[in-house]
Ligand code: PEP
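Form predicted alone, single chain, as C-alpha cells, below.
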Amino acid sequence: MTPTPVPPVPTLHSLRALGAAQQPRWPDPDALEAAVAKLRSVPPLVFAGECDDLKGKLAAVARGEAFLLQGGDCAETFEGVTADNVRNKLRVLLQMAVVLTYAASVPVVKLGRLAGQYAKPRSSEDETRDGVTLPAYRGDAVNGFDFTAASRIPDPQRLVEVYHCSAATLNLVRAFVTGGYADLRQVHTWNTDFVRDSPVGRRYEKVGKEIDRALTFMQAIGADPDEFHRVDFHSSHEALILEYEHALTRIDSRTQQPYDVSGHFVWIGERTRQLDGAHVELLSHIRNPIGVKLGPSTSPDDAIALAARLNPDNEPGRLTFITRMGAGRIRDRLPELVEKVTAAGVSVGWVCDPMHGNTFETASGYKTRRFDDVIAEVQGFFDVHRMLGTWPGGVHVELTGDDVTECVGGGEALLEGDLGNRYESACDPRLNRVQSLELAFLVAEMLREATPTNIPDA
C-alpha cells in the first residue's frame, strides 16, 4: 500500500485561525515571536528513529502482544527537575513494569509522562480567591503557580525553559536506564521490599515469589546479562501549547517526513480533540505515534472520524485511544465505542486513564481521587474488553515516586483529613509510591485473565 502523501506542516498563523482551544493569552507578541524563534533553533529533544521504535512497540500493543504502562506527573514543574525527583518517578514506573511483565508474560512498553508535561488545560480562564480574580494557572510552561498578578501573567520565555528542563530530564533518564539503575534484578529487590513492608504486601507475596523464580531460572540458563541491565524508556506529554509543538516539529533527514521532536509520543486532550481544530490538524501532519483522550461524551462516530483524520493509512502503532470515562460510566460508555471502532477495522491501541474521570473536591478544598474508584475504572475497562474479545492495551496514570498524600484510600488507608500532610501537586492529585505499586499488582491480577491468546486475529 502506498502511504498517503503528507502535505506540508501548516503554519502557526493558519493553526491559530482555526480557533485553537486552551491556548494562553500571550500579552506580548514580540516576546512570543522571540521565544518561538529560539525554539526553532535548538537541537531536537528526541530523534525520529526513536519515535519509530516506539511506534513499533505500540503496534504490538494494538495487536494484543504487549501492554502499555504510561505514567508520571499531572504537571511537571521547573523546580521539580532534580536528580532525586526524576529517579523516584523512574523507579516506581520500573517497579510497576516488572510486576506487569511477569504477571502477563507479555512485554510492557514503558512510557513516561515526563520531559514535556508542563502545560495543563483548564476548565476556566480565571481563578478567584477571597474576592480576587486572576488568570488560571496553566502550568509552568505558561505562568506561575503563586496567586499573584505578576506570577499569573503568561510569559513565553517559559516555553524556552520547558525545553531546557525537558532536556535535563531526558539526560537523567537516559543515564539511569543505560547505567545499571534499571537492572531487572535490582528493580525486583525494590519490589521485594514493598511486599515485605507494605501494609497490604502479603496480598502480593505470591506474585513476588513467582518473579523471584523467573529471575533465578533466567540466570540459571545463562540469559544475556545485558537484557537484565537496561530497558527501553520513552517520553510523552500532551501536545497542548501550539507554539511549542510547532517550533519543535522538524523534517527528518532520513525520510523527509515531519516529526515533533519535543517527545516520542504526544497526545491530544479531551478538551482539544475537535475534528476541525488546530490540535488535530497539527498532529495529523507529524509521524510520531500519537494518542487521543476520549471522555464519556465521545461517540463511536467521533472516534472513527478522529482515526480517519489522524491515521488515514490505518498504520499499526500510530494511534492510541486513551479512555477516561469515570468508574461509574466505564461499563455504560466503553462497550459501544470499542465494538464499533473495532467493527470499522480501525487499528488502535486501547488504554485506560482511570484518573481524570474520578476527581472530586473535598469540603476542605483539596482535589482528590479515591483509590477504589481508580481500581474500579481499570476493572471495568478490563471487563469490557474481556466481554468483547478485544485487548485491554494499557493504563495511563498520574503518579509520583514520592510519599505524597493526594489520593485517598489504598493500603495505607489515607483519609480526606490526611491530604494536607503532603499535598504537593501543582494541579491534579497523583497516586503516591505505595498506591502506584498496589495498582500494578492489582492490574497484574487482571492481566492474568486477559492473555493475548484470547484476542481474535486482526
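Quick caveat: nothing in here was measured; it's all calculated off a predicted structure. Counting begins at 1, following the sequence as shown.
Below, we refer to the form predicted together with the ligand, which is not included among the displayed structures.
Contact annotation for the candidate site: D28, Y118 and E243 all lie away from the ligand in the predicted complex (no heavy atom within 4.5 Å).
Residue contact with the ligand in the predicted complex: E406 places no heavy atom within 4.5 Å of it. At a distance threshold of 4.5 angstroms between non-hydrogen atoms, V200 is out of contact with the ligand in the predicted complex. Residue contact with the ligand in the predicted complex: E270 places a heavy atom within 4.5 Å of it. Using a 4.5 Å cutoff between non-hydrogen atoms, C74 counts as a contact of the ligand in the predicted complex. Contact annotation: the ligand lies within 4.5 Å of heavy atoms from the stretch 353-361 in the predicted complex, the single such stretch among 244-252, 332-340, 353-361, 98-106. Note on the partner interface in the predicted complex: the residue among H188, R152, R318, R324 having a heavy atom within 4.5 angstroms of the ligand is R324. Though the ligand is absent from this view, in the predicted complex it lies within 4.5 Å of a heavy atom of just one residue from R113, R158, K110, H279, which is R113. Residue K293 is the sole member of 290-319 found to place a heavy atom within 4.5 Å of the ligand in the predicted complex.
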